[in-house]
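This document opens with one chain alone, in structure tokens, the form predicted on its own.
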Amino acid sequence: MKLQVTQENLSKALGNVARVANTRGTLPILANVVLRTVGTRLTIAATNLDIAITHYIGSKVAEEGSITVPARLMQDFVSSLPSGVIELKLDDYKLHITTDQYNSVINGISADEFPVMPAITDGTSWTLPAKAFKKGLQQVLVAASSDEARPVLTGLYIHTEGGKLYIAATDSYRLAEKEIMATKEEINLLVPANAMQELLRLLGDQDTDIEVTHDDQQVLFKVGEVELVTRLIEGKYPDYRKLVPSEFATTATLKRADFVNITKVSSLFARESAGSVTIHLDPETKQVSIRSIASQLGENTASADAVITNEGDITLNSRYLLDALGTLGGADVDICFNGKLEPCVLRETKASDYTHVIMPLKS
């Protein structure tokens, strides 16, 4: 293998790929990235056996070949080099990296030993708008579970209903759902949330469509010159829509910034009580107030002006409330519920494509 690439392209590719290289795994080669020439391009790939990322970069290939090298060392080294042309030359299992002022050798392992994710040969393909999907991921990922005891809840549920594509996540304490686009496709995928976290990072400011190809076992997302493949989670996703009420007895509309401020202040006094805060809606004073008590520290009540339909109280986890408010855009937000023990719904006042539900705490 002998080729030339620019430092900028190689550094960017390694930055995108090296994060999934697994240094704690039982297979030492999973801590490596594989470099392989494909025609006039160099591919850089890494996998942890659940997720694989491949980045294609243009290069001037003199001799074809492949090698795997330690991901962390390669990434840190290349990012430290000055911009310009880098020559990569493979001699036996030693990768020589040469620039005008640097000459280094990194010991590698044969690429034949590197595990390959099986190709999707007979899959279904469709496209996603990158901007809308990125926003959806930012709003929904926060609600996915990290508890491996219930694998289904560690995924994002990407599915169609009524001619529209939705993504949803829940950890059974909260739920987030985002409408992405209208579509005629029938889609029903359960994708690991950590893979979608990686995809979110890869999307950056991408403005083009994402190409999606999937079969029953895995899904491939192609973003420009980068491909991410991940295994799908087996199992049936819960019918989460049953949780979301269609009508509400008590609602309030207030400025999102005000809601964030009073929640932040109240959360400081809620640390002792596992983040528990009580929200009171008072139509007479036209205020939403949040009360928190810490027996050792004191207590706090913070209020904000709001438009309110009926009086009501609900006790929520302040961290979940702040997470939800962080995902909402727009100047005004609605908080809606039917009673102390019923689900609480938060959404943007002027948008109906995103819903965030938080289950109440027993006060």
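Being a predicted model, the structure only gives us computed values, none of them experimental. Residues carry their position along the shown sequence, with the first being 1.
Separately, the form predicted together with a further copy of the same chain exists; it is not shown, and the next lines address it.
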task = Flag L27 as yes or no: does it have a non-hydrogen atom within 4.5 angstroms of any non-hydrogen atom of a further copy of the same chain in the predicted complex?
result = no
request  = Report yes if any heavy atom of I262 sits within 4.5 Å of a heavy atom of a further copy of the same chain in the predicted complex; otherwise report no.
outcome  = yes
inquiry  = Taking a further copy of the same chain as it sits in the predicted complex, is D76 in contact with it (heavy atom to heavy atom, 4.5 Å or less)?
reply    = yes
ask   = Do R150 and a further copy of the same chain come within 4.5 Å of each other in the predicted complex, heavy atoms counted?
value = no
Full three-residue contact with a further copy of the same chain in the predicted complex, heavy atom 4.5 Å, for A119, R231 and N310 = no
message = Considering non-hydrogen atoms and a 4.5 Å limit, which listed residue (L190, I106, I293, I187) is close to a further copy of the same chain in the predicted complex?
response = I106
ask   = Between the options F221, Y157, F269, F133, which residue brings a heavy atom to within 4.5 Å of a further copy of the same chain in the predicted complex?
value = F269
key: Interface segment, criterion being heavy atoms within 4.5 Å of a further copy of the same chain in the predicted complex, picked from 274 to 282, 68 to 76, 233 to 241, 161 to 169   = 68 to 76
Residues within 4.5 Å of a further copy of the same chain in the predicted complex, restricted to 296 to 320 and counted by heavy atom = Q296, L297, G298, E299, N300, T301, A302, S303, A304
